Structure formats: C-alpha cells, structure tokens
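Two forms, one protein chain; structure tokens for each follow separately as structure 1 and structure 2.
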Structure 1
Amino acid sequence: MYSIRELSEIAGVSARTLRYYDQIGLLKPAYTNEAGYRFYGEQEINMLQQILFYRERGMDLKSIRKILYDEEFDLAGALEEHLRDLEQQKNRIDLLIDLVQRSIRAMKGVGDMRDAEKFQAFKENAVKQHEDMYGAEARRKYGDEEVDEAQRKVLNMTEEEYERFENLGKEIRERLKEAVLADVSPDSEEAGRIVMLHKEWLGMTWKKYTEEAHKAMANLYISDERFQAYYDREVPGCAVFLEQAIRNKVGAEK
C-alpha cells in the first residue's frame, strides 16, 4: 500500500494531480484514513498506469474515465492495445528518421533526393496513421475501394496540395477550439465557415463528395471515441460542435 506521496514519487505524477483524479472520480484511493490521508493499492496502481497510457495517446480525462469504468473494460486487452499503438508510433518515427537521414546525406552530396521524395514520407505517414486508427471502421462503413482511393489521392498530392490539406486540417481544429471556448452557436456564421472548410478538406481525399456522406462522417465524430478524441484532444466539445454544425449547415441552403 502506498501513501499519496509515495505513489506520486514512483509514478512521476504530482500529489495535486492525484487529488484531482480522486475529485473527478477518475482514480479513487483504496481507502482514506481518519486523518484524511489517501492510500493506494495494486488495483489503483494498475489504473493509474492505464490513465497515463491513455493520456500519452492524447485522450482527455473524460474519455479515459468512460473507458476505464466500462463494465467490459479488460486490463490485458487495454495493454495489448497500447502495445499496438506504440508499435505504430515507432513505425512512424522510424519512417521520419529515415527521411531525415536521407535528407542529411543529400545535403552533404552523398546521395540524391528528388523534391517529391522530401514530402512523400509525410504523406505515407499520414495515410498509415489514419489506416491504423480509423481504417477498420472506415472500410466497414464505406468499403475498401473508397478508402483505398482516398489514400491514393493523398499519396498523389503535389507538395502544394498536401500543404493545403495539412493547413486546412489545422485551421479547422483551431477554429473549432476557438468557437467552443467562446461558446459560439453551432448554427452561427462561424460554424458555417468551419463546415465549408471541412467540406473542402474532405473533398481533397474523397472520390466523390456527397452531403449524405458528410453527415455520416460527422456522426462518427460523436459515436466513435477514436474520431471524437481527434477533435477533443485539447478542448472537449469540439467534436459535438462540428457534428451539430454539419447537421445544421449541410443541405440547409436548398
């Protein structure tokens, strides 16, 4: 059994954070003595490890609590999932390391590297990351042909197209955060502008844009925790805002 100070030291998490986790019901101590001191056992240690794994993967505390306290939560299965995610991260990092090494050799005149190759690794990385995280769900929903075509479109983008694609994604996330923090209505003009940017962003990879598919994609942002975490990683509520904005705006002008 560990005191809150001891657990703080071995886990590298401040006592203040542990008290906050207790306050929001994310990690309760095994027991609290009459003097109010918290103590943690093996079960709590395992739970804290899971919390830190999910935090490392970019999940917000609300989503983590929902996962950990689900009746079907399986600790061994969660560890296997973390391992797969870390292996995928390692593969992406290895790809970027190779790109940097080749770029250095090219700058030193040891090897040759075409301009297109300088960006190919980033595109391949983005495609692989999307496939690892969302591929199975996307293929079930839209079919292999649609997903494969979307990936081909990304890989075939020019440097300028890919830069626009990346900047669009960043702008959408930034505007969503600002809108949620400012308590903007999903039916506002700003929400409409975000939806149009989102439409352009999707259109850069989709074989054919349809309003029905846009709304179906928006529904994934609130029904699938992986998609939701993509938009809620910094400010909770962004995914819900985007889904509502798309539902309000797409097809509304007809």
Structure 2
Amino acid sequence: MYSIRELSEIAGVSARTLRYYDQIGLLKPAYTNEAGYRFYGEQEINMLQQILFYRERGMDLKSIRKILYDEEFDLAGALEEHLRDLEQQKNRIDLLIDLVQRSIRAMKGVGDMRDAEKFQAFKENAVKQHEDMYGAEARRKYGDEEVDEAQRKVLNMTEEEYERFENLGKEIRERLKEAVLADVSPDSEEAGRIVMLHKEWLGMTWKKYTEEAHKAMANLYISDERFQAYYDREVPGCAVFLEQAIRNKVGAEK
C-alpha cells in the first residue's frame, strides 16, 4: 500500500493530480483511512500508468475514463478519432503559422507597419467576402486546391499589385458597359481587347491559365445569376456580351 505522496513520486505526478483524479472518478484509491487518508495498491499503480499512457497522447480525461471504465469500449475507434482530432489541430496551427509568416513578410520593408496590418486585414476581408459569395460554386467547379491557391495569391499581393488587380477589374467593367451601350459587336477589336484584359485579370489569381477554364468562367457569367447580376448591375447585357466575346476570342486563338 502506498500513500498519496509515495504514489505521486513513483508515477511522477503531483498529489494534487491524484486527488483530482479521485474527485472526478478517474482513479479511486484502494481504500481510505477512517481519517480520509488515501491508500493505493498495485492495481491502482497499473491504472495510473494506463491513464498517463493516454494522457501523454494528448487525450482529455473524460475520454480516458471512457476508455478505461466503459466495458467493451471501442478502443481502436477512439484512438483513430483522437488522431483525426490531432490532425485537425495541426491543420489549424499550420494555417496560423502561414498567416503569421505572411504578416511578418508583409510588414518587412514597409514604412508604417500599422498600414501593412490594415492592408492585410483588408485583403482578408475581400477574400472572405468573395468566399461567402462564390466560394461554394467555385470549389465545386475547380476544386479546393485551385480556389485555395487563388486566395493565397491574392493574400500575398503587395499594395501595388492589389491596386492593379482592382483597377483592372474596374476597367473591364467600365469598357464592357461602354461597349454594350454603344452596341459594339462581340467580334470587334474592342471586345478582343476586353477579353485580353479579362485574361490578365484572371491570371493574377489563377494558379495557371487554361482556355478551358476561361471559357468555363465565361459560361458561369450567363448561367449563374449571381455572376450575371455582378456584371449586369448597371448596364444589362454585359454578362452576355463578355461571354460571347470570350467564346469567340478564346476559341479563335487556337
């Protein structure tokens, strides 16, 4: 029989820990004195070793109790679930590391760090908004990898690059509107130039440009109401015009 201090020294845990384990019903002493003193036997040492075995693997005490006391408990299943949990934690940390590294890079060489901070936050906001609006659709169509990569590209842009990206988008919409209002043909030279701008604009976020993807994107503009609404907001017909122009130009280049 071992006193609480003896067991704590054998197992390398504090007496407080043993009392706590008693309290939550994880490890009861073999018996208690009439004065309330706790005494542990060999069995309890074994139990404690098992507890520590799982604790070292990062399991919470509630799960450990289930493993050790629920008869016929699915041990293998519990371990695999715990493994998945750990991998999620790891993914989360990897994400944080990525974010912090990017922030450090972005703030280096920039005069005002607070400025860089705000710019970062701004880009993140833009990406998040975009994700909320088109994320599901894009992921279904191009896959998670492509979309994640595109987002990474945006997040890594410098202020100059981002400004160019925004201006490009604006210029496309402007020239589209003018073309549609002037009733220009989607086969015209101006339409071709707009398509080239659009291609450049896409290239700033896509991992790699392909004609297929470009045409698929164009198709989205007329088939998905949210995309269509985006281009037709001020002048109706822009989405259709852009789609035709892309279909002509990108098909003809071949």
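Along the sequence of structure 1, residues get numbers from 1 upward. Rigid core: the largest C-alpha set superposing within 1.5 Å between the two forms. Please read these numbers as outputs of a predicted model, since none were measured by experiment.
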{"item": "Panel number for the form predicted alone", "value": "1"}
{"item": "Core-superposed comparison between structures 1 and 2, Ala191 Cα displacement 2 Å or beyond", "value": "no"}
{"item": "Tyr21 C-alpha relocation of at least 2 Å between structures 1 and 2, rigid core basis", "value": "yes"}
{"item": "Leu168 C-alpha relocation of at least 2 Å between structures 1 and 2, rigid core basis", "value": "no"}
{"item": "Core-referenced Cα shift (Å), Ile51, between structures 1 and 2", "value": "62.2"}
